[in-house]
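Okay, so here's just one chain, in structure tokens, the form predicted on its own.
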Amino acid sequence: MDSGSANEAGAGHWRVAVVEDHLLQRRGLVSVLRAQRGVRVVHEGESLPDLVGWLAAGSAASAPDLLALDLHVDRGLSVDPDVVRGLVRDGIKVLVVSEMTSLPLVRQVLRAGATGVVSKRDSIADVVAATRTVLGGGRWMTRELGEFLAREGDRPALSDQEERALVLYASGSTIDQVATALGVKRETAKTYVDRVKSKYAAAGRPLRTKVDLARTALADGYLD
């Protein structure tokens, strides 16, 4: 882990933190960022909780201007959108650097306030451009995600719980298993699934069977 203070960053430098659990990928991204004029990497770590702990132990002046964030951790929990929302409220810009294997999670993090997304398959030039764009207050989105979001016009808006219920149920879970995973009663879980069906029916896309739900969830990017 590498950390620094505002004094170390110096005047005229953007402070950047990197969260990536794969060591080689993290070192590669850190190397790219450190090579950019006006950018100083003040923290690098394996997980978002690591960053939150580092922030809690330091001063407000040491907080990064930008967080380059991988969403998935192989040896722990994936990123919690609520934590991202809190960081954004504290003034930290968030750039997602993702393998794009979970579009639902990317979408939730965007809702939480992230303003940039790049794929790990994108070029170094794109990663640098995305970093500078987000630091400058702009938005950056990888082409494949932009194309996906552009197809969302006929997809009804679901609440977070309805979306989670859809993903679980369409993935093969029973209603009882959905209820357990969401921490709600069976009747509540069934209500979430019924609401999903009703919203799709209202959008002209009726879902009559569990197979219909699975196919639609896959087509709409809820399932990987």
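Residue indices: 1-based, along the sequence shown. In this text, all values refer to a predicted model and were calculated from it rather than measured experimentally. Under this definition, the rigid core comprises the largest set of C-alpha atoms superposing within 1.5 Å between the forms.
Just so you know, the form predicted together with another copy of the chain exists too; it's not on screen, but the next bit is about it.
For this session: Could you check which residue among Ser171, Gln161, Ser198, Thr180 gets a heavy atom within 4.5 Å of another copy of the chain in the predicted bound form?
Result: Going through each option in turn, the one that passes is Ser171.
For this session: Select from the listed residues Arg215, Arg205, His22, His13 the one whose heavy atoms reach within 4.5 Å of another copy of the chain in the predicted bound form.
Result: Checking each option against another copy of the chain in the predicted bound form, the one that comes within 4.5 Å is Arg215.
Problem set entry | Stretch in contact, per heavy atom within 4.5 angstroms of another copy of the chain in the predicted bound form, of 171-179, 50-58, 25-33, 187-195 | Among the candidates, contact is made by 171-179.
Exercise. In the predicted bound form, which residues of 26-55 put a heavy atom within 4.5 Å of another copy of the chain?
Worked result: Going through 26-55 in order - heavy atoms within 4.5 Å of another copy of the chain in the predicted bound form - there are no hits.
Exercise. With both forms fit on the core, has Asp212 moved 2 Å or more by CA between this form and the one not shown?
Worked result: Yes; that C-alpha moves by at least 2 Å between this form and the one not shown.
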